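Before any questions on binding or motion, here is one chain by itself as structure tokens, the form predicted on its own.
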Amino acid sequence: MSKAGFPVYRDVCGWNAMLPHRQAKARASGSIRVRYAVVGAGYTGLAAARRLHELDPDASIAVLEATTVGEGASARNSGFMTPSDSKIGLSLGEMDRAEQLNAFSKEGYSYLTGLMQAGGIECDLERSGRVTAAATDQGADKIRTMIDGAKAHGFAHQALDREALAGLIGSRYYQCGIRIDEGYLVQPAALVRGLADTLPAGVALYENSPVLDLQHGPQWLLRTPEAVVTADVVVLATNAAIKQFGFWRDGLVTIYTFAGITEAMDAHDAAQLGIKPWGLLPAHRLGTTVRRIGADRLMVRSLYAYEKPLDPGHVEQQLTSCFHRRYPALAHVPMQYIWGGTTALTMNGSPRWGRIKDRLFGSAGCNGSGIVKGTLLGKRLAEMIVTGDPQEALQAVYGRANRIAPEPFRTIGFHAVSAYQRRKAGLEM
């Protein structure tokens, strides 16, 4: 028996706030009997539920979402997606693994975009390429390695010096960068809302229905505030919150990240944001992500916190500083939305995925690549459940998450490593 605790976000997701109001589905109530219960209506959970229905169309399926779709972690990301894994930084000795990773990513991307097209989901999908940029000498070394990797893997790309970057994004903050042609931007709240609202009739979605208790007997019993759900098979697609059910605590760390979106700018100010659309990732993993949104807004994503959010005032100050350092001429433009969200990290970047115990399956540890990877892992998890395929090829390529030291060593280690990495990141923060 496990008591579940999910992140409670006190802030509003800016992506969701910019969309028209959506009426949430009803809460789960009373006694509900299903073949499959999927916990979590993010990209992984929605893909798993849909694929379960495709493979077992007569089965009853319930998706239990702790909050409202569009306010959870899946909507609180930066909206980057790509049909390749973009592992161009892999050493040339890992060429075969890179090709296999890219094949899985293409499968996830194809499945996702097929759902978008079939459902008529409007989510501002734009082909933008993917820019990685460096503001430090150490970051510039990584960019050169990425350029070598792009050549080796056959990625169409452009090497960017300071002037070329400034022409693209409107800022001279960065020394150099690389743009990979194959990259897309999306409105993540619109996407996850669209995926939820176009679920087939055989899949029942219940929102504001956190699973508070999970018990294993002849069937699985899942208790929400107003319902008891009995299921033959359970899928835990809750990412970091899977630890609250008592599973995989030795392999996952919950990380809060933070983002802000500016107010809409007038034409003069918006003209300083470069050529739309674009999205920029930092050369250092703890650096700041920046992207242009539509014609007149900018998003910045930065800061990392271990297991709990940071003070809102500190977050606003730091995100505003990240924005103004890159665009000093726009220092008069305020942030309109600021929010935090969680993700699950593993030590080696591999997910925790697959069978947990009898008729219980899970997926966690997306490591910040949730849209396409989460979709792929949810789809393949459903195939494992229905067909019995152990998915050995997938697990061999993605690997298995390493164990993490227990507390208090985990907390001490995280703070020591993150402090060191922040110093290395320097201007890329």
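All residue numbers refer to positions in the sequence shown, first residue = 1. Not measured: the values here are computed from a predicted model.
Same protein, other form: the form predicted in complex with a small molecule, not shown, and the subject of what follows.
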{"query": "Ser369: touches the small molecule in the predicted complex, heavy atom cutoff 4.5 angstroms", "finding": "yes"}
{"query": "Contact of Ser78 with the small molecule in the predicted complex (heavy atom, 4.5 Å)", "finding": "yes"}
{"query": "Non-hydrogen atom contact Ala28 with the small molecule in the predicted complex at 4.5 angstroms", "finding": "no"}
{"query": "In the predicted complex, Gly42 touching the small molecule (heavy atom, 4.5 Å)", "finding": "yes"}
{"query": "Residue (of Thr257, Thr262, Ser128, Ser84) lying close to the small molecule in the predicted complex, criterion heavy atoms within 4.5 Å", "finding": "Thr257"}
{"query": "The single option of Phe245, Trp220, Phe155, Tyr173 touching the small molecule in the predicted complex, heavy atom within 4.5 Å", "finding": "Phe245"}
{"query": "Which of 382 to 390, 28 to 36, 397 to 405, 57 to 65 lines the interface with the small molecule in the predicted complex (heavy atom within 4.5 Å)", "finding": "57 to 65"}
